[in-house]
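Presented below, as structure tokens, is a lone chain in the form predicted on its own.
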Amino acid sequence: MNAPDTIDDEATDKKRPHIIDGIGNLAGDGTRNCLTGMRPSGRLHLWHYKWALENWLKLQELPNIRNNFLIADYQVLGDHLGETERLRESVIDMVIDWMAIGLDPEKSNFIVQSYVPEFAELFNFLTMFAPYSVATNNPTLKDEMKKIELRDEWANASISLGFVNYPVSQVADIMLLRGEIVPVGEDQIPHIELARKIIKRVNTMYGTDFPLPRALISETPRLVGTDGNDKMSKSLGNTIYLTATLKEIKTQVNKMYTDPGKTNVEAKGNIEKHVAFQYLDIFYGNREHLAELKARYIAGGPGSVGDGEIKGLLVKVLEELIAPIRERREYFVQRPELVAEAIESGSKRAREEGQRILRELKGAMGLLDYGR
């Protein structure tokens, strides 16, 4: 039989029943498993915080949600195989960042993908259920493959079979922990649709009852880079890291695109592409004051406000956010045993659950106890 959808339909998009619109729709009595994660491919920055980590903190406080936060180190190998010397450091740094922003390994499982060989075993099974044309027609995969092909270095420009298979690997990540809720951006919805197709096929063929995942869409608007580019990335130098010092915050804010037509404080201004205002829209809590500043900036005249004042306010807002993270981060940097314990205990629990899943699947398929 097919696995039931266990999330109340009132929480979903009626036209797309596999979509959950907003964390506020998850409160309830039924316990649900959540699976999400990150690739440890570099330092975390403000976009990671607003798009993912802030929402993870909200999920962590919901008593009916069992959270599993995955460190997807296998996936890094798919397109960064020649750069593994930095992988260990990246994993540790990412977990420290998680703990510094307030994620708690006693409330949520921190899981290292390579610590749980059951992920790889389940992935091997699921490749048999995934039609090649369906797996490779994933639009997100196609976009990522184009990015790899455009790289300058030959070693990192070749597409491996492992990379082509990563959407199916993500299905294994979800299924192994009976993931019902998967926080993603809109561009990741095809991955959830693929997961549902594969898991439905397993359930139909073998009478299992594995839950079908639903996508939890982030409510946070997209955060542009400090240069106005749609993408915030280390390679473009347009990021503000969660480890940034006050000096580094000032440097990045001062480089932000404003309105070249506002040649002096009293000139009329345009905020349509004003990056500093876009950041204030997301990070500044005083909406009334922000609305006043925008009105004065646009109107110009003796009561107007200039870019220096706007950027100064943004520096203050970002420093108030990042300074406590920096302080807590230093605490965990000095206590590496806490980081090791967090990922070992969470990964151990994931292994135990994974072994149960595999026994159930192999039992349904008749792949257990040969000769008995």
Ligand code: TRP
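Numbering starts at 1 and runs along the sequence shown. Everything numeric in this text was worked out from a predicted model, so none of it was measured.
Absent from the display: the form predicted together with the named molecule. The rest refers to it.
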Can you work out whether V315 and the named molecule are in contact in the predicted bound form, taking contact to mean some heavy atom pair no more than 4.5 Å apart? no
Given that the partner is absent here, does L62 sit within 4.5 Å of the named molecule in the predicted bound form, heavy atoms only? no
Close approach of I174 to the named molecule in the predicted bound form, 4.5 Å, heavy atom: yes
If you check in the predicted bound form, is V184 within 4.5 Å of the named molecule, heavy atoms only? yes
What is the one choice in T36, N33, S304, N55 with a heavy atom within 4.5 Å of the named molecule in the predicted bound form? T36
Residue among T220, Q188, N203, N229 with a heavy atom within 4.5 Å of the named molecule in the predicted bound form: Q188
Looking at heavy atoms inside 4.5 Å, which stretch does the named molecule contact in the predicted bound form, given the options 69-77, 253-261, 131-139, 281-289? 69-77
Contacts from 225-248 to the named molecule in the predicted bound form (any heavy atom within 4.5 Å), listed N to C, are none
